[in-house]
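The data below hold one chain only, encoded as structure tokens and taken in the form predicted alone.
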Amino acid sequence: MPENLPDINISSLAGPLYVVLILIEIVAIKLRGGGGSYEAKDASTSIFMGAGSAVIGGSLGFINIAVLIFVYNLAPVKLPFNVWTFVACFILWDFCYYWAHRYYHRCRWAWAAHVVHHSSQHYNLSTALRQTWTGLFTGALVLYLPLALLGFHPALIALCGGLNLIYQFWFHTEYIDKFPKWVEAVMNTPSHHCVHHANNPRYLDANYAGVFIIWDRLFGSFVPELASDPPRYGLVSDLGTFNPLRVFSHEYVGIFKDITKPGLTLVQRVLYVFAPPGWCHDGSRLSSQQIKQNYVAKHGKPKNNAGLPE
């Protein structure tokens, strides 16, 4: 590691902060009498999933670092660590995260890991901790490798990733309303991200951003939160369980059941793994994109809060 690059274990600093903020939110909701809700079993499941993710990620994280170091050593130019390279890496990491997050929603194999985060029917700070145990196996790391090839040191990439994920924690809340328009135009906020967690048809597969909502605006995946259509949280078909093992494994079990159906072609079996979630060979169920298209066909293209078409 370059001598001038700080060695910061960002995750170890964030853990206590998460606990304090969750406690503050619980107290604030009780005092206010609204602004979200907590369910003990749901929050416990989220915290358990988060703890498991931290342990597994900490144990296997060296694999990601090793791959990044290998690619970094191939980079024709090695960038120094300074304010400008930090800012550039932070912005580019967020850009990569947008596409990785979009991949999590559009490929069933990646969704099988990411679905854990969307399985809660509540939207509060504990939901942010409900993370997968199998993120390493999604292959999403490939989308971050260009950062190393550009010459950003793997430690800097990891630092920017940690800071990005810390930023994402705070906006998993209904307690905070919308920010001024200029903030909502550029930054990801509770209003934008609650849309991402909603299972309302018009909100499906939207607002993938980490820190900067501008990526969704640029690439056509932005949907505003409307007062006329309050978000409902959870999956299109909710699990109905707080069992962490089922939360973790249910989509993998579903994939196994689908690929072992009799009479399928090899292509169909492969599509059950890598096509968008909900794809099926006989049309007996719908993908999120099809659900959204059917909604628009029935209700028309919805208008935003200003009464203008989106």
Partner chain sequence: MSDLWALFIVALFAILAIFAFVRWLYPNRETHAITDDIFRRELRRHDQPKPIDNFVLSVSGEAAIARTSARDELIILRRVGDRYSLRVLPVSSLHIRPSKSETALVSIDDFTWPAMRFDMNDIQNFARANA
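Residue numbers count along the first chain shown, from 1. Quick caveat: nothing in here was measured; it's all calculated off a predicted structure.
The protein also exists as the form predicted together with the partner chain; that form is not presented, and the subsequent description refers to it.
The stretch that touches the partner chain in the predicted bound form, counting heavy atoms within 4.5 Å, is 121 to 129, out of 217 to 225, 153 to 161, 93 to 101, 121 to 129.
When the partner chain is considered in the predicted bound form, only one residue from I26, L68, I255, A275 comes within 4.5 Å through any heavy atom, namely I26. Screening A51, C280, I63, V270 for any heavy atom within 4.5 Å of the partner chain in the predicted bound form leaves a single hit, A51. Although the partner is absent here, S59 is a contact residue: one of its heavy atoms lies within 4.5 angstroms of the partner chain in the predicted bound form. Shown alone here, S237 lies within 4.5 Å of the partner chain in the predicted bound form, counting heavy atoms only.
Using a 4.5 angstroms threshold between heavy atoms, L266 stays clear of the partner chain in the predicted bound form.
Within this chain, R232 lines the site of the partner chain in the predicted bound form, having a heavy atom no more than 4.5 Å away. Interface residues of 38 to 55, taken as those with a heavy atom within 4.5 Å of the partner chain in the predicted bound form (partner not displayed): Y38, E39, A40, K41, S44, I47, F48, A51, G52, A54, V55, in sequence order.
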